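Quick setup: one chain, the form predicted on its own, written in C-alpha cells, and binding and motion questions come after.
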Amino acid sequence: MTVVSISSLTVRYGARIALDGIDLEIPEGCIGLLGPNGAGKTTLIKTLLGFVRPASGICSVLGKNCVNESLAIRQHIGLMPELDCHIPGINAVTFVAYAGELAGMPASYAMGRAHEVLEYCGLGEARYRNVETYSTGMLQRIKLAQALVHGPELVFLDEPTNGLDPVGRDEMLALIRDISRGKGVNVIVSSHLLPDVEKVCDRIIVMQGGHVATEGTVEDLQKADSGLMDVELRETNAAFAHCLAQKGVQVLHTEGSRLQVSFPADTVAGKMLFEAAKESGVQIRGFKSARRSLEEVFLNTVERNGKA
C-alpha cells in the first residue's frame, strides 16, 4: 500500500521555490527523510499535513487529498515535532488526553488512551507530574505519547532522539522499531543522526535543493560499487598493499589487518587478491563486497547532486 503519493509537487514561498516538481511514492513501513538544511524536508511535511498549499501538483496521504482533505488527514496522523510542545501547568496524562480530544476522541476515551500510551512510552509512574518538571528524555517521550494517543495510521517523527543520552537514544529507537514493526504503524523519521535512521528505517529518501536526490531501501543504497572490497588478512602486512597498488588496485584505507580496496573495472578481484597474497607471503582470511554506511550514502548523494 502507498502511504504518500506525490506527483509534480511544487511549493513556493514568494519567488523562492522550496519544492520543485517532486514525484514520489512512499510505501508502508518506516521511512527515513534526510537532507541538509534547506533541502525541503520541513516544507514537504507541512505540505503533507495541509499547512502549506502547493503552487501546483498533487499530493495525497492515506488516500486523501492534502489540499481538500487536510483535516481528515490530520485526524489519522500523529506528529512528534522537533520543538517542545507541552503545556505548562498541567500534568502529563491531562496533556496527552487533551491531544486526543483535539484529534476528535471523546474525553473519557481520550483519558483512557492517555494512560495506555504513557505506560507504553515509559512514563506510567510520572503521568501525574506536571510536564514542565520533566527531563529532556521525558519530554521526548511525552511528545511521542501525544502523537500516538489517537491511534494514527501514520506518524511523523521530527528529530526524535534530540538531546538524549546514549541509553535514552537506544530506548527511543526501540520504541520506534516496535511502533513500526510490532504495532503496524507507518513511520516517517526526519533526523540528522544518520546512525539512528540506519537502525530503524527500511527505506530512506534524501532531499536536496527542493528535489528528491535519491531514494530506496537502506540495503540497496548501502551496496557499494562491485569493485569496492573489504579484505581481512591474518596479520598486518604492508607489502600486500604495495603489491595491490602495483597491479592498479587502489588501497583506500587500512586498519591493522583490514583493508578496503577499489579494483579497476573489468578485473577479477579474487585473482588479483590471491596473486598479491602469494607475492607478499601473506594469508587472506576473507574478503567481501564493501557495504557503505548511511552517512557515506548521504554525503556521496549530496556531493554528487551539488555538482550536477
Partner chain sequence: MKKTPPPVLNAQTSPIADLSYRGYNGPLKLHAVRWWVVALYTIRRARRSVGFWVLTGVCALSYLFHALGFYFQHNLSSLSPSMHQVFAQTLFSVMNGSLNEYAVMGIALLLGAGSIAADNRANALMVYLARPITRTDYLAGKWSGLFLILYSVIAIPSILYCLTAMTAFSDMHILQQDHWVFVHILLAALFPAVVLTSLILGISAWSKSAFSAGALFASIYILSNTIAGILGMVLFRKQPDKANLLSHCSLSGLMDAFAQRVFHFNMKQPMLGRGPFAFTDTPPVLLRYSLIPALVIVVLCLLAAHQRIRAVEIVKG
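Positions refer to the first chain, counted from 1. Small disclaimer: the values here were computed from a predicted structure and weren't measured.
Only in words, not in the display: the form predicted in complex with the partner chain, which the text now covers.
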Q: Give a yes/no on whether residue 140 approaches the partner chain to within 4.5 Å in the model of the complex, heavy atoms considered.
A: no
Q. Should residue 119 be counted as a contact of the partner chain in the model of the complex, where contact means heavy atoms within 4.5 Å?
A. yes
Q. With the cut-off set at 4.5 Å between non-hydrogen atoms, does residue 247 touch the partner chain in the model of the complex?
A. no
Q) Counting only non-hydrogen atoms and a 4.5 angstroms cut-off, does residue 52 reach the partner chain in the model of the complex? A) yes
Q) Among 163-171, 233-241, 209-217, 104-112, which stretch has residues whose heavy atoms lie within 4.5 Å of the partner chain in the model of the complex? A) 104-112
Q. With the partner left out here, if you bring back the partner chain in the model of the complex, are 88, 148 and 185 all within 4.5 Å of it by some heavy atom?
A. yes
Q) Is any part of 1-16 within 4.5 angstroms of the partner chain in the model of the complex by a non-hydrogen atom, and which residues would that be? A) 13, 14, 15, 16
